[in-house]
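In structure tokens, one chain follows: the form predicted on its own.
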Amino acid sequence: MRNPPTLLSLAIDSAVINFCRISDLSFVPEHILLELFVRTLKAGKLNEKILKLFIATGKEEILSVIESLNIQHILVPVLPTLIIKDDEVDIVIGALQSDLTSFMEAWRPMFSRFHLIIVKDPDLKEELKVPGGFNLNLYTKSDMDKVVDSSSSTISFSGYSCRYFGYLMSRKKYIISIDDDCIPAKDSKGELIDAVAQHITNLTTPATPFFFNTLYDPFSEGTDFVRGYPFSLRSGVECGLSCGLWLNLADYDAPTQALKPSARNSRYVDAVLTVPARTMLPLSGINIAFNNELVGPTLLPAFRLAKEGKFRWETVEDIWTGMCAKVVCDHLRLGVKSGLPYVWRQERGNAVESLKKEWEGVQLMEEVVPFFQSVRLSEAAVTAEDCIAEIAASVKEQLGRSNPMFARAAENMVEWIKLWKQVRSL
């Protein structure tokens, strides 16, 4: 049996990860300083800024080691550690309206450096209008028919589900998805929020699902781990899913919005938090990002209402998807974050009319949530695909007998995994 790490060892590991917050090392004892320097080298974290911190201590042993290794001052500027390559990101847009001009122009400052995947709702008859100057691929119903046999498949890419076809076709490490009824929001200082940059920050900094930090995300600027937070958990885990929020039209259900027709969300909260393990959340695909390599197959079109419509209030598919993703992230020890970034969500749909279509989904959630809270996956499930297959089997066995919609959802989940593997084998 391996001996557990010492508190000192854990503290040094934490320091290596959080060097961006350290401005002085002179108080650190020399023997600890040497160990910290060695681990910094091994982790590949030594840059000009950190090197200057070690030199500024004036400790003879440290200066001797630096000299013996012939470490020179780095002549290039120190760049932020969260810089990623442009070709690692796809921005997916599901087009439910024919003219995307105003939407695209509003997002041009954030979208222009990345590759876009635009997926036209297969039920949209009008010609799609997209302004020039973007690097993009446009997918339509004919492209879907080439990939999915519509005569035999139960999977639908109609309406908001068209975005899932973009997820299916992407090969990038990170996917950011923003609905076409959203524009960039402004923060409390009146400055435009770069939702793309914030999502990337969320996904590329650790998450902390196994112990809640009362100052929210300890890896955000201006915060840290609070007193009592176990050092053994401070390195965190990889973040699989980033759930952004929105201003103006809040994501209430149809009953709530019908009762509060004038309710709007105007409160900007400058915070990100990790959703605790074993806690479900009602994901909305309006403004999300995820690590495609880790959890891509969990973002899937599976659960559809019998009278599902074209407006946000008339769908619960993304809520089902979010609970699938959360169960998978918990099992694979990955994190899910919620909070920043915000977008500004435009008006669309009528809550009273939508209530007639969504009510069935509101009722079904009373069964769905307890089910996902109780799901436990086997040790044999080591990939997202394995996890979805096991969840589908449980859905079929435990929920499918009571309602045919659950049985169809289980079938769609199995078919999605087959399709996901098939597309990636090409």
Partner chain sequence: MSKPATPVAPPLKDELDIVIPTIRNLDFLEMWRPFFQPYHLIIVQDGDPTKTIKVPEGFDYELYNRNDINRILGPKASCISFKDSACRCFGFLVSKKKYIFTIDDDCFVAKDPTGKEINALQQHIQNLLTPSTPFFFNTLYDPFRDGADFVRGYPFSMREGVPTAVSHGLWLNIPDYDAPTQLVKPLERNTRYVDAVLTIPKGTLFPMCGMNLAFDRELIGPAMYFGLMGDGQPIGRYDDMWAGWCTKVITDHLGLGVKTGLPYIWHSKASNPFVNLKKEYKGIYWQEDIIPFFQSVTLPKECTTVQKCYTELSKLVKEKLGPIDPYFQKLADAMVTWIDAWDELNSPAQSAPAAADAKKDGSSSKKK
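Quick caveat, the model's predicted, so the values are computed rather than measured. Residue numbers count along the first chain shown, from 1.
From this point on, the text means the form predicted together with its partner chain, which you will not see here.
- This chain is displayed alone, yet in the model of the complex one of L334, V89, A195, I319 has a heavy atom within 4.5 Å of its partner chain; that residue is I319.
- Just one of K125, K85, R227, K189 comes within 4.5 Å of its partner chain in the model of the complex, counting any heavy atom, and that one is R227.
- By the criterion of a heavy atom within 4.5 Å, M323 is counted among the residues contacting its partner chain in the model of the complex.
- Although the partner is absent here, S374 sits far enough away that none of its heavy atoms falls within 4.5 Å of its partner chain in the model of the complex.
- Looking at D270, you'd find a heavy atom of it within 4.5 angstroms of its partner chain in the model of the complex.
- When contacts are judged by a 4.5 Å heavy atom cut-off, N137 does not count as touching its partner chain in the model of the complex.
- You can rule out all but one of 215 to 223, 199 to 207, 98 to 106, 294 to 302: in the model of the complex, only 215 to 223 has residues with a heavy atom within 4.5 Å of its partner chain.
- Contact check at 4.5 Å (heavy atoms) against its partner chain in the model of the complex: none of A15, L53 and E60 pass.
- Counting a residue when any of its non-hydrogen atoms is within 4.5 Å of its partner chain in the model of the complex, the hits in 227 to 265 run R227, G228, Y229, P230, F231, S232, R234, L245, W246, A250, D251, Y252, D253, P255, T256, K260, N265.
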